[in-house]
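This document opens with one chain alone, in structure tokens, the form predicted alone.
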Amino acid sequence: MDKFSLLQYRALIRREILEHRNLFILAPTFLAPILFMAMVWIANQLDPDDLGSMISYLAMLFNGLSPVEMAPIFMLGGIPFIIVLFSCAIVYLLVTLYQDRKDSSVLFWQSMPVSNLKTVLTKIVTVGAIAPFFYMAVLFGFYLVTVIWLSILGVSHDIEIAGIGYMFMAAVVSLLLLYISAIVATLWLLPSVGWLLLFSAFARRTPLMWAAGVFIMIGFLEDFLFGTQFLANWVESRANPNQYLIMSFGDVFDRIFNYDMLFGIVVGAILIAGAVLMRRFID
């Protein structure tokens, strides 16, 4: 890839971030202080001795333990952020190509030396790698502030807080696992990504209704004509988080290099190609 292409991708990604900063930056930024204030409120409801005992237990529990082995525990703390990320990703995929066509900005980008393929691939990279990076950065700040708060409480209760440091290291490792999980999830769910992009490029209005309606219609026709539910069962299997959540670094190879992943990537690539093709037909 030449330098000019890299500059093109950089400009396209920057454009996506600026236009959708509410989904990628502001959403996790608002979520983090809400969760932190909720924790502070809960702590204030506890008896000071009980709060001190809880902090002492946490410090002893993590003291000396391997951050890599304890990291999966802290992946639970990222669940609210992952839920918001997935929700924002669905909204983004549904509106991104639709919005380009609606405000006619697609005509500007087509007048530039930027292909439709580059534009669509940039959107996939944005939702699969760039957006999770911002969410993990905010989650890092959330963990850091939480650890500092717990350390201050521990010192005020005359508690040995060495274990809090191990707890923070485990939290940082969990962020790496969550980020890798987000990338693997994008590959595993590439058929869904392609499906949403296809109708974002196709629908003249309400792309969500088109995407959901056509899916339901295909499932109904399959059941009516063949008496099978292959599509529904396949989608259910793809939606299983155990297929893309990375609980240890050793799981990465097995999650990525398997036939189910390859098949999903092929299906997703076909749907993405359809979205690229539909983008050429602009009113």
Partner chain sequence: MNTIKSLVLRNRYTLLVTVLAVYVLVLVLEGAITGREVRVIDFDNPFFDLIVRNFEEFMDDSRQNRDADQL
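None of these values were measured; they are calculated from a predicted model. Just so we're on the same page, rigid core means the largest C-alpha set that superposes within 1.5 Å between forms. Positions refer to the first chain, counted from 1.
As for the form predicted together with its partner chain, it is not shown, yet the points below apply to it.
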Should Ile25 be counted as a contact of its partner chain in the predicted bound form, where contact means heavy atoms within 4.5 Å? no
Gln45 versus its partner chain, in the predicted bound form: is there a non-hydrogen atom within 4.5 Å? no
Give a yes or no for Phe224: in the predicted bound form, does one of its heavy atoms lie within 4.5 Å of a heavy atom belonging to its partner chain? no
At 4.5 Å between heavy atoms, is Leu262 in contact with its partner chain in the predicted bound form? no
Contact segment among 85-93, 70-78, 160-168, 127-135, judged by heavy atoms lying within 4.5 Å of its partner chain in the predicted bound form: 70-78
Going by heavy atom distances of 4.5 angstroms or less, which of Met39, Met54, Val252, Ile216 would be at the interface with its partner chain in the predicted bound form? Met54
Residue by residue through 251-279, which ones have a non-hydrogen atom no more than 4.5 angstroms from its partner chain in the predicted bound form? Arg255, Asn258, Tyr259, Asp260, Phe263, Val267, Ile270, Leu271, Gly274, Leu277, Met278
Could you check, with the core superposed, whether the Cα atom of Leu225 shifts 2 Å or more between the shown form and the other one? yes
Is it true that Leu189 shifts between the shown form and the other one by 2 Å or more at the Cα, once the core is aligned? no
Does Pro33 count as moved between the shown form and the other one, where moved means a C-alpha shift of 2 angstroms or more after fitting the rigid core? no
